[in-house]
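This document starts with two versions of one protein chain, written out as structure tokens and named structure 1 and structure 2.
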Structure 1
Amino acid sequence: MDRRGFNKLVTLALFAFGVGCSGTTSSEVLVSAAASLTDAFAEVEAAFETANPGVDVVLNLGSSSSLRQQILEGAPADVFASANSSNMDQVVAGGEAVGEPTTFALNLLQIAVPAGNPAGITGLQDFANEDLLIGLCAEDVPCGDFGRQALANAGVIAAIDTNEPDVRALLTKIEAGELDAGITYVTDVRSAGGAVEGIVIPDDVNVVATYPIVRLTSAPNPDGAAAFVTFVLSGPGQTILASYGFTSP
């Protein structure tokens, strides 16, 4: 193992044991980001590091609620990017945020159908059809909550056949052609490649997920944190996010 790798390992170990952040070099930016940002932020990280030589972005990915818990329990991080406002609000209320969070991305809902749309789904009204196999995320998962809101907005009482534990499980069953349709985020449809097709849900019934970002008060690297947030909100940052299906606020 080379010296740099060893240093990285020591830093990680320090994080893991919560010993503190004295081992963190000023050139490292630790970003706690929602799991749905995994692919997009990997590219943002690469672009940011190219633009800022010597800076190393470390992504800590997880569900927004578990990241919120980590931050409130004192785990060191420079930036928090959440997939919804409720977890961000709790971080702000806990006094961990520097100033007000900024919304950096929006994620719209889309109807996801298997490639070729074998059931001929055209819109949310098809979700009431008893003869089709329809899946949603479970009610308590954000995508399930938003999906139900969209159905309610459209006045559709859905004939649901399964409430999947998360959006990944729902997509798998749509990809396999076992479900005729489900409701996911635009970014999920995009990430599934050609196996899944998206059908647009009209703006007047669609539900928008907002992604806020903020610097943290306990940031070991406040300058790096500020630079990263600025980059995400900048033109190049927004272009990368758009390529993954996110909408600019």
Structure 2
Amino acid sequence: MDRRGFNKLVTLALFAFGVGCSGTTSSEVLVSAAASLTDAFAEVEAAFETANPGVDVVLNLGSSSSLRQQILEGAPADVFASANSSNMDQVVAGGEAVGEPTTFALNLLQIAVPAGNPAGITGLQDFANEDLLIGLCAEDVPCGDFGRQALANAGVIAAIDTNEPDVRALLTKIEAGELDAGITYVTDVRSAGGAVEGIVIPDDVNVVATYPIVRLTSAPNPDGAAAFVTFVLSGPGQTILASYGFTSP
């Protein structure tokens, strides 16, 4: 299906969905979402607003660990969408989640290199080469923890030159040619278009990222929060996520 057909399908589905949640009238829904959801949730935002006239989704994007800390410190938010379960578990333990979080997407890791792969990276073993400029996301950031887990699974001790605060910051440095390689998500390599290239990490050492979502106890707009979560889990929401390379749980 071409992009025009895809958009028509989603628009028709949104019309049907919007009738069911038209009671969502408060002006803002505050969504704290993992940085790796940036592009997908921008389209989810637009689609949800189309289905709910008068509603403004405000995205707060960053590392899941930073968002978790903000929520636990009392920052206003209606919804939390994390790139891993451990940060979500801490939000639940802190009494900030309404009910049980629901997994709404899965992702895989991929090596990202600048266009043309000037350093000739072939796999994770190259991350041990001290002559190369290697980047990871910082520890405690999901992409950083997952990247280190994949390297450990492959028996590689990486010569890391930089630890970036989130996956988009890492991707930006790779796009600019400031790094020879880094470990990001499949979806981030895809979002960069031709600015970076992806190198597959074998399944036996790769790590599956699980994305849970929940509405928050202190949500300023609880009805909007519930409607947004429902939309992300709905057919139209899942179709949008799949178009950016995420897979359904």
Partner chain sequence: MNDDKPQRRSERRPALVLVVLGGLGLLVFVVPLVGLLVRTPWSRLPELLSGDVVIDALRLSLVTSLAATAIAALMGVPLAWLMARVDFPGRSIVRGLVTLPLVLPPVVGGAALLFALGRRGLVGEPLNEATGLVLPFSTLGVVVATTFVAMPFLVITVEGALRNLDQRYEGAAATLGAGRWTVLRRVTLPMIAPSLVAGLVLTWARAFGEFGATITFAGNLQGRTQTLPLAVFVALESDRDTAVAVSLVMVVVSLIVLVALRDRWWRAL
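Fair warning: this is a prediction, and the values are worked out from it, not measured in the lab. The first residue in the sequence of structure 1 is number 1, and each one after it adds one. Superpose the two forms; the largest set of C-alphas matching within 1.5 Å is the rigid core.
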* Structure fact -> Which block is the form predicted in complex with the partner chain? Structure 1
* May I ask you to determine if Gly237 and Ala152 are placed in the same rigid part between structure 1 and structure 2? => no
* Smaller rigid part versus larger: rotation angle between structure 1 and structure 2, in whole degrees? -> 26
* What is the Cα shift of Asp203 between structure 1 and structure 2 once the core is superposed, in angstrom? -> 4.5
* Structure fact -> Here the CA of Ala119, compared between structure 1 and structure 2 on the core, is shifted in angstrom by 8.9
